[in-house]
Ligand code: AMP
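Encoded as structure tokens, the following chain is the form predicted alone, with no partner shown.
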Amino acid sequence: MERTIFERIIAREIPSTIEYEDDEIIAIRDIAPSAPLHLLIIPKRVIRSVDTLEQADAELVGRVFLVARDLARKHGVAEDGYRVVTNCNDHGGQTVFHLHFHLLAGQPLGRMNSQAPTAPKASSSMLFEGGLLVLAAICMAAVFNSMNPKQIPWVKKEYERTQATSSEIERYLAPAPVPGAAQGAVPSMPTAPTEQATSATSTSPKPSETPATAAEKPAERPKSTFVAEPGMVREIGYEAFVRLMSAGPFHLIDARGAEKFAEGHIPGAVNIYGGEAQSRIPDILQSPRDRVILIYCDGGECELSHHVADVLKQFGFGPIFIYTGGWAEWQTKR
């Protein structure tokens, strides 16, 4: 049988404000009070209702009223008066079938009605029980969400969406200085072999073995510079994305789900689903720190990309560029 909300409160699975507790009884604050002071006094032993009480329960129930008396004195309402009530079964308004007693005080409570109102009206006990059910649902959702690798945030996080400036992009497109050369100087090209050097060889090499001259060698494309900028996250469009990929070493992350990644992705990308960013921290931390990080998802607001970027940012990675066109635009452009 499924445990009641009171059993879960007693087991500390659901938080509550405890006013009293011993080995047999617990008293907690009502989350939807019907009076200035509204406490619930609950036997820890599971008893369904008053109707299921047995002779062996007499001492326990007697102690409930002694606890109620002491709590009334503790809160300074004993002299003015208070009410201790319990509901039994459906017509009595009981919705949580674990025996419990309400201690209400702090204002004149009036007389008890001898019959139910003719018009439908939500009683305080029903509101209370409904509040407990809502609380139970929230707590169960929290537990499930914490165990779910694809956790859903309770509050949608708003990310700062900053467009990269031209200078921020150009910074990673400029060629790196040539080692040993003065800054701004053009490295000299080696000259072709002289006639004297050629005649010094006793035999002519085969055509396939003839060394290529510097003029015949393809010019190597200079690599782009890299300057770490921890925590920098910028959004970019298609043109900047392509330029950064062609400029030099980069690390490309596809923040979409595994199924979409398997259907198609930008070559060279690694898949880290943004919805699992927190649980994928060990994988995210494997990202290199010596190159630009590029992230994309389906396009648009790029929340999945921002989830991954946020984790990278927290651990000091950067610069990080988010391609807002995403896979949707990439397919139409390539």
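When you see a residue number, it is the position in the sequence shown, counting from 1. These numbers come from a predicted model, not from an experiment.
Quick note: we don't show the form predicted together with this ligand, though the next part is all about it.
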Within 4.5 angstroms, counting heavy atoms, which one of the listed stretches 58 to 66, 298 to 306, 29 to 37, 277 to 285 is next to this ligand in the model of the complex?
29 to 37
I'd like to check something about residue 162: if you look in the model of the complex, is any of its heavy atoms closer than or equal to 4.5 Å to a heavy atom of this ligand?
no
Examine residue 100 and determine whether its closest non-hydrogen atom to this ligand in the model of the complex is within 4.5 angstroms.
yes
Within 4.5 Å, heavy atoms only: does residue 96 come near this ligand in the model of the complex?
yes
Whether residue 9 contacts this ligand in the model of the complex should be assessed with a 4.5 Å heavy atom distance threshold; does it?
yes
